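Only one chain is shown below, in structure tokens, and it's the form predicted alone.
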Amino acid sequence: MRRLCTAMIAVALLATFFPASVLGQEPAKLSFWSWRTEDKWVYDRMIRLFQQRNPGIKIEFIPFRAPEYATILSTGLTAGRGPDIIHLRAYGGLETFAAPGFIAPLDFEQVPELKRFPLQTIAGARSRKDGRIYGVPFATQTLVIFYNKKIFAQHNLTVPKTWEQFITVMRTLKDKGVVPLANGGKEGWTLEVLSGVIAPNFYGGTTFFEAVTRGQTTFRESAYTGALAKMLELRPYMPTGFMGVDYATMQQMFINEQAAMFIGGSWEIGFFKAQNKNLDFGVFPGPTERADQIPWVSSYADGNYGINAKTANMEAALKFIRFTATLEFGQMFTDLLAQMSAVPGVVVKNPQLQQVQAMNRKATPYIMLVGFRWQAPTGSTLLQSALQGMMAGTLTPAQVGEEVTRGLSSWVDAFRGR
């Protein structure tokens, strides 16, 4: 009996001081799929920290090209395979995989850290079908205007607050031989972003968002189409042949200081700095009609970390998911990527991101992503195509509103017959 007790104590001590693999047990191996190829170095670093504290778990981060990711993930999950940990889109993008039961629901007992997240952030991780939460939100994004401080200083320009001042700044830059805006229209999603920066201050921000998502109005509303018309005033200040300018070219024009401004999202901050360490830039919100107005900025939850419902390592996957909801994880994410982590309590140190944080005091939902990407055709698909027509001169703003409303009426009941 004494020998048996001694042996049991020895085994307990081994389990305490040595990893499972040393004792002959294979570690739980998890795969983590993502579309964030450019962030791999950060995720690898955070995974190493997790593994040091959880030696019985090994995680491999596998990113795919963003345009191909949804198809690859859908194919894998439909075939009953796919990753253990899934980088998920938010809102309707999450619903695509939650509704068929591909991803495991999470509750506050499994992931108690979720109780600290704001409801508006959790909304991007919640299924409309059953109201359950399916992921830990990973970031929030805000749509803004970037400007080159050196170019502004060279031409004695100050950051515009009103639309009239914005047009004056662009006209001055163009007269001096400087391309005012790097933005193009080859990819429709960049025009949707452009509308997300410019339009809210003219259609009424959250007031209109709530009215249109409740079915009290449609996108034919003159306040909305009039806001889109403001985008047409930007065309003279965009690059020559702007409808052929793609996203990568837009980025490079701003990074290489060939254009004074870039209309985009807060996710660009870290990328711009990484590409040109000497680039001195700031951010400002879309201009308002009057100087006494506080500007709206479009914002949204960017995505979530979820778990494959068929994972063979649910306990290990939950441990990692809980780690992604911690302040430590969120702080590393923000510090290393210069993006706003969705984890509450993160301290923002990057100066441009601090500006964005201040702007979010008057944030409005990024309208199509938050409100109308829940079924096909999505509001974003309809708007992007129509905006390309508008900016190319083949559609009027009123026709854009008509096309979007008519397309959405196939699944938005309130739009039918209106």
Partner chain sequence: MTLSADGSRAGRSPRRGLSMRAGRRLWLAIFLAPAVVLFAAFVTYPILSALAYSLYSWEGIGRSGFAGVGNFIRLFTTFPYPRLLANAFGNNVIVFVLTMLVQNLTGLGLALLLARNPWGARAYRAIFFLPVTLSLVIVGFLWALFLNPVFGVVNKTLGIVGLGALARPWLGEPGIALVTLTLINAWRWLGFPTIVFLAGINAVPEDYLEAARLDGASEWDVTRRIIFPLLAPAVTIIVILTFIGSFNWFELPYVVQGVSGAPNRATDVLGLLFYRTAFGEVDTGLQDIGVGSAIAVLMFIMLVTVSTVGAVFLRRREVEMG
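Positions refer to the first chain, counted from 1. All values reported here derive from a predicted model rather than from experimental measurement.
FYI, the form predicted together with the partner chain isn't displayed, but the following is about it.
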{"item": "Contact label in the predicted complex: residue 89 to the partner chain, heavy atom within 4.5 Å", "value": "yes"}
{"item": "Heavy atom of residue 340 within 4.5 Å of the partner chain in the predicted complex", "value": "no"}
{"item": "In the predicted complex, residue 293 touching the partner chain (heavy atom, 4.5 Å)", "value": "no"}
{"item": "Close approach of residue 241 to the partner chain in the predicted complex, 4.5 Å, heavy atom", "value": "yes"}
{"item": "Every residue of 258, 382 and 403 near the partner chain in the predicted complex, heavy atom within 4.5 Å", "value": "yes"}
{"item": "Candidate from 206, 158, 222, 252 lying within 4.5 Å of the partner chain in the predicted complex - any heavy atom", "value": "252"}
{"item": "In the predicted complex, the one of 350, 375, 54, 357 near the partner chain [non-hydrogen atom within 4.5 angstroms]", "value": "375"}
{"item": "Contact stretch among 357 to 365, 26 to 34, 388 to 396, 45 to 53 - heavy atom within 4.5 Å of the partner chain in the predicted complex", "value": "388 to 396"}
{"item": "Residues in 64 to 92 close to the partner chain in the predicted complex, defined by a heavy atom within 4.5 Å, in order", "value": "66, 67, 68, 70, 71, 74, 77, 78, 89, 92"}
